[in-house]
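One chain follows as structure tokens, the form predicted on its own.
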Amino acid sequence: MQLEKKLLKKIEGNTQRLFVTLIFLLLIASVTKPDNFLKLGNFQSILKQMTEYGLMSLGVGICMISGGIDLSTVYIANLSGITAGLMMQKLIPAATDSGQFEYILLAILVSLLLGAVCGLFNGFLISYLHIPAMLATLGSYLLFMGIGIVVSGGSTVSGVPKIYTKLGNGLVFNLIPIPFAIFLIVVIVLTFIMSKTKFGIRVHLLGTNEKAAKFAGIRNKLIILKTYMISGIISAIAGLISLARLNSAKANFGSSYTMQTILIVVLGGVNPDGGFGNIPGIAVAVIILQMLSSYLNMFPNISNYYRDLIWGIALIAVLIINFTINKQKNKR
């Protein structure tokens, strides 16, 4: 019980800091760029653009909470998107109008299954072969990217049915982008899994102390397998949304997202050493980062080349701040 209370206290403090940061950023952007920032279309664009790497960040986040990391999420997403796109290209032209929905659903299910298999493969490398998570997923991301290049012939897969692209560009209640609605659903489900189920508590305990978790009777290998499988499925969802939104998929699309997802997860309060962190924190961090990115785009004098520099500074600053706060708490 004491451990659970400590976890909750840590979560609340970090979430509060994130919300304060978000409000502060909103105020700054609203005051300095009111004409461009305070538009419904701008907010819809922010919510739509953050979905893919937001979902991948959730996958990276639960793996980091378990004491590992998943660097392959971007390429699982790309491989899943390519697979779904190719299936739709092959199957839909031969289908009648009424049969398109069944083939689209089949392509989605196959892509989700592929994401789960990729995640299980990562989990197997880490749990059974004892390969460090960073090296295992670094190797598998090259593998998944290579498979994606072979399957697609190195070219962009496009030309999916219009009914499917509506999924990535439509609005719920003519207001909320469908991709963001899907992101919210995933956040709610994952929050419940990580905070209210035995599996979620065990993931936290595994990340806190692997040996203690083992002596407590937790089947660490099974927990790792499930954690990376969930990450794989979430990554596949990101790939499917990207395919719907952009009407294309490519094996090396979104390479910069890998660093961004790590930045978001750390900014969201997840301890890089594992054990601590929550899903809402990651979700708020995604919104902060995309809002900051959109805000920077409103300054034509700031080159995109500075973006990585800014993210790098932000990541190091967050790590230093978290380290300082944790050190002060441990002294009390």
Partner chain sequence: MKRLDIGIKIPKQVEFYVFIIIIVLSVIIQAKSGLFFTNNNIMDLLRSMIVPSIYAICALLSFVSTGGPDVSFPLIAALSSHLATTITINIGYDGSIICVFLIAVFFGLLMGALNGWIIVKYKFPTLIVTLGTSSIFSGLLLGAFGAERIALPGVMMRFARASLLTVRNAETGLSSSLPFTFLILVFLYIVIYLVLNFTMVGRGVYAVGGDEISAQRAGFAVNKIIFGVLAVNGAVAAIAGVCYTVMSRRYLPTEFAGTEMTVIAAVILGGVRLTGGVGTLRGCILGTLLLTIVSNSLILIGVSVYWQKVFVGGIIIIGTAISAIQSRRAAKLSQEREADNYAVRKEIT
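Here, rigid core means the biggest group of C-alpha atoms that superpose within 1.5 Å across both forms. Nothing here was measured: the structure is a model prediction, and the numbers come from that model. Numbering follows the first chain given and starts at 1.
Another form, the form predicted together with the partner chain, is not on view; read the next lines as being about it.
Proximity to the partner chain in the model of the complex, taken as heavy atoms within 4.5 Å, picks out 133 to 141 from the listed stretches 187 to 195, 133 to 141, 174 to 182, 159 to 167. The single contact residue among L71, L225, L112, I92, judged by any heavy atom lying within 4.5 Å of the partner chain in the model of the complex, is L71. The candidate spot formed by L125, I149 and F323 lies fully in contact with the partner chain in the model of the complex, as each residue has a heavy atom within 4.5 Å of it.
Although the partner is absent here, I313 sits close enough that one of its heavy atoms falls within 4.5 Å of the partner chain in the model of the complex. When contacts are judged by a 4.5 Å heavy atom cut-off, I46 does not count as touching the partner chain in the model of the complex. In the model of the complex, G153 approaches the partner chain with a heavy atom inside 4.5 Å.
Although the partner is absent here, L129 lies within 4.5 Å of the partner chain in the model of the complex, judged by heavy atoms. Residues M259, I262, L263, V266, P272, D273 are the members of 251 to 280 with a non-hydrogen atom no more than 4.5 angstroms from the partner chain in the model of the complex. Once the rigid core is overlaid between the shown form and the other one, I23 does not reach a Cα shift of 2 Å, moving by less than that.
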